[in-house]
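The form predicted on its own is given below as one chain in structure tokens.
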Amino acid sequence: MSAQTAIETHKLYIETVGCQMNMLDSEMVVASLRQQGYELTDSIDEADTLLFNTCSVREQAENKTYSALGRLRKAKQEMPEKIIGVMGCMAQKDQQLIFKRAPYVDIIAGPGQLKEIPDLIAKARSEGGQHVAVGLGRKDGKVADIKRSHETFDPMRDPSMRPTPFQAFLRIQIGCDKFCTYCIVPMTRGPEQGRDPQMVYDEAVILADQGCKEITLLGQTVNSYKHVAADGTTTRLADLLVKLHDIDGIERIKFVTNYPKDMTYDLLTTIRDLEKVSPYLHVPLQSGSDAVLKRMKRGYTVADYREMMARINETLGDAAAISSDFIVGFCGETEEEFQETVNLVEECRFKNSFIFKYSERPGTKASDHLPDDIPHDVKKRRNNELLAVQNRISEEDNQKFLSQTVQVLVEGPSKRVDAQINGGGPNPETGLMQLTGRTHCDRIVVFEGTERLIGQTIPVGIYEISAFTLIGTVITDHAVSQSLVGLNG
């Protein structure tokens, strides 16, 4: 036997629900477990370690996790050596409730305890019992101690866990201090803190070395990013964008999610002047009614949001592409207040919007003090009505791309129905396959091409549009390309 002990191989199954933060968290956990001999599998039966990375923003996400855990009861009885773990926001929020509802769960880890997961698994495997690692509550100690307990483990990266090898998420901010009445995130991810800009830069270099061409900077309110160094030097998002812009290999930089009041002229001019930085801005509005915004404790008015839109249009002009989030059926929302939201969507003409029916979350201010008094069928109707308005606007505004050329970072085979022919592979007669990619402004483009185009940024001429997709053809003739008026997309 060699002096070096062989690493024991384990099979890991991981299921992720929720936001981009969770996708990034899963990537990092898998990267650290791979170093300890774990191999990924998509088979629950085959896995000896099962992790569920959870979300608490909406009830449906939690129900999905509890249903998945329920289906494992019999498997755990038959194979007690299986390790089952729950990580993420639901783990931080529910803690012992998870053990109560699923007593066969072995480990619970909050989003700030990712680095502890390998050790928790090892203890559960060698010692048995249940093991917990979660961050401190907002009132459970000094601010510095609470922040440290929510610091997220970032250095490990695993390209195989990304949707494509060419695009990656990069966390620059942890936690949130906005305390919107409907939101549980300040409690599950802790106080707002900006990561050290040098750490962010070093991680971006690693991503570039791994072949990543597009990075998306993540934060709960990413444009509120602020880091104060020991010498008093303050770095804000605009400064960080300048620092990241010169990294070789990185072609595009995006960032989500933004807060309206922090969309400053300084940030907008930086976006305008740095060609790698996307003018795609996701800025949740949530409601077009001042009364509802006040009940949500969003910290701005409709007038504030209009002023932000004016700053964006003044600085970025037609290059800007703005998307938003909305919650319909929030506590006490009247038909008149809902109509104010519809009217503001008509006015702002967002590229697209993500629309959600209000879901009461235990532990939030709304859950404690505001009645969830809008019937489900009313929420559903309002959701559908607002979605129809947004889809119409998206399709109308996409008309400007007809006969234009856009630059597309090719992500891979399209998931469109007609791409399922030949399993999404090349047409045996033409050698072409249905591909998809995104423009600099995050518009989805579908076109036919060869597999070698994946990972490249190419010109695509648009000949058809829908509310969600631009459909085009690869431009290979320089003269044809020059005859079309180019758009950033």
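From 1 onward, residues are counted along the sequence shown. Because the structure is a prediction, the values reported are computed rather than measured.
Below, we turn to the form predicted in complex with 5'-deoxyadenosine (5AD), even though it does not appear here.
Please tell me whether any heavy atom belonging to residue 69 falls inside 4.5 Å of a heavy atom of 5'-deoxyadenosine (5AD), as the geometry stands in the predicted complex.
Output for residue 69 is no: heavy atoms all beyond 4.5 Å of 5'-deoxyadenosine (5AD).
Does 5'-deoxyadenosine (5AD) come within 4.5 Å of any heavy atom of residue 57 in the predicted complex?
Yes - in the predicted complex, heavy atoms of residue 57 and 5'-deoxyadenosine (5AD) come within 4.5 Å of each other.
Heavy atom to heavy atom, is residue 326 within 4.5 Å of 5'-deoxyadenosine (5AD) in the predicted complex?
Yes.
Counting only non-hydrogen atoms and a 4.5 angstroms cut-off, does residue 295 reach 5'-deoxyadenosine (5AD) in the predicted complex?
Contact with 5'-deoxyadenosine (5AD), no.
Going by heavy atom distances of 4.5 angstroms or less, which of 390, 286, 223, 289 would be at the interface with 5'-deoxyadenosine (5AD) in the predicted complex?
It is 286 that has a heavy atom within 4.5 Å of the partner.
Looking at 169, 350, 182, 338 here, can you tell me which has any non-hydrogen atom within 4.5 angstroms of 5'-deoxyadenosine (5AD) in the predicted complex?
Filtering the options by heavy-atom distance leaves 182.
So which stretch, 403 to 411, 201 to 209, 357 to 365, 338 to 346, is the one near 5'-deoxyadenosine (5AD) in the predicted complex (non-hydrogen atoms, 4.5 Å)?
Flagged stretch: 357 to 365.
Just to make sure I understand: among 83 to 112, which residues lie within 4.5 Å of 5'-deoxyadenosine (5AD) in the predicted complex, judging by heavy atoms?
Residues within 4.5 Å: none.
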